[in-house]
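First, one chain by itself: the form predicted alone, in structure tokens.
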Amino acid sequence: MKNTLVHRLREMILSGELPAGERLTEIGLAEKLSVSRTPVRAALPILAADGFLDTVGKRGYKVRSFDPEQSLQQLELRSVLEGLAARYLAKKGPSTGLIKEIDTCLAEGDAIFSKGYVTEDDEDAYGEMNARFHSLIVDNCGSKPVQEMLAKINNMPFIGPSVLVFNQIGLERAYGMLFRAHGHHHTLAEAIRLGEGDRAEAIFREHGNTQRESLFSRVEASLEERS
């Protein structure tokens, strides 16, 4: 129930059903969604950690406001910086231990896609693996400026690599999109092992499109309608 509720609340925030600035309470959400307060109480801190909510007082939350165009720009900037991190890591060469950790992430992703489809439960599993994969590259790139700038960007609403929302695009499209993205993981790992900095940078920049598709497909469509 907890994960399902997190997914549902993410969708409600992104669709505007829960508008920016709205105060959320355990009782109010439990009544609105016809669930008990326990899963709501567990879901709210997760949404806050992912940048969807701001804390208000000791136990209160409100929907965080964000500028869609700025969020898209921040995602683009994150992709550029992660591309640099991949270039630097490929240039200096990964340690044996790091390669093993990267291979573990690849194997976890392969297991998710081995059944030929994804479910809502896979959303968290892929998001956690994806965040760990990104962190392995960034944390070992040897560039403090890149690491510090990415730490700031990843704290912005909806920007961190663990945040995906399958409901925005549907499970069938999510499978194809994330299967392709996990292919980026494999080719990126290969480029880093081979010391191919240019290739690693290009792959990581392209990889950033995955989150943009997942989170902002509706946002981009509305921006195009207004232009």
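Between two forms, the rigid core is defined as the largest C-alpha subset superposing within 1.5 Å. For every residue, the number given is its place in the sequence shown, counted from 1. Because the structure is a prediction, the values reported are computed rather than measured.
Just so you know, the form predicted together with another copy of the chain exists too; it's not on screen, but the next bit is about it.
Subject >> Site check Leu77, Glu201 and Arg205: each within 4.5 Å of another copy of the chain in the predicted bound form by heavy atom >> reply: Yes: Leu77, Glu201 and Arg205 each sit within 4.5 Å of another copy of the chain in the predicted bound form.
Original post:
Counting only non-hydrogen atoms, which stretch in 131-139, 146-154, 98-106, 118-126 is within 4.5 Å of another copy of the chain in the predicted bound form?
Top reply: Heavy atoms within 4.5 Å of another copy of the chain in the predicted bound form occur in 146-154.
Original post:
Taking heavy atoms only, is Ala49 within 4.5 angstroms of another copy of the chain in the predicted bound form?
Top reply: Result yes; Ala49 sits at the interface with another copy of the chain in the predicted bound form.
Original post:
Does another copy of the chain get within 4.5 angstroms of any non-hydrogen atom of Leu81 in the predicted bound form?
Top reply: Close contact exists here: in the predicted bound form, Leu81 approaches another copy of the chain to within 4.5 Å, heavy atoms only.
Original post:
Heavy atom to heavy atom, is Ser114 within 4.5 Å of another copy of the chain in the predicted bound form?
Top reply: Ser114 lies outside the contact set for another copy of the chain.
Original post:
Does Arg64 reach another copy of the chain in the predicted bound form if we count a contact as any heavy atom within 4.5 Å?
Top reply: Output for Arg64 is yes: heavy atoms within 4.5 Å of another copy of the chain.
Original post:
Quick one: which residues from 87-121 get a non-hydrogen atom within 4.5 Å of another copy of the chain in the predicted bound form?
Top reply: In sequence order, Arg87, Tyr88 come within 4.5 Å of the partner.
**OP:** Inspect the rigid-core superposition and answer whether the C-alpha of Asp50 shifts by 2 angstroms or more between this form and the one not shown.
**Re:** Yes: Asp50 shifts by at least 2 Å between this form and the one not shown.
**OP:** Check Ile46 against Leu77 at the C-alpha atoms and report closer or farther in the predicted bound form, compared with the shown form; the change is 3 Å or more.
**Re:** Compared with the shown chain, Ile46-Leu77 is closer in the predicted bound form.
Subject >> Met149 and Phe52, C-alpha gap in the predicted bound form relative to this structure (3 Å or more) >> reply: Compared with the shown chain, Phe52-Met149 is closer in the predicted bound form.
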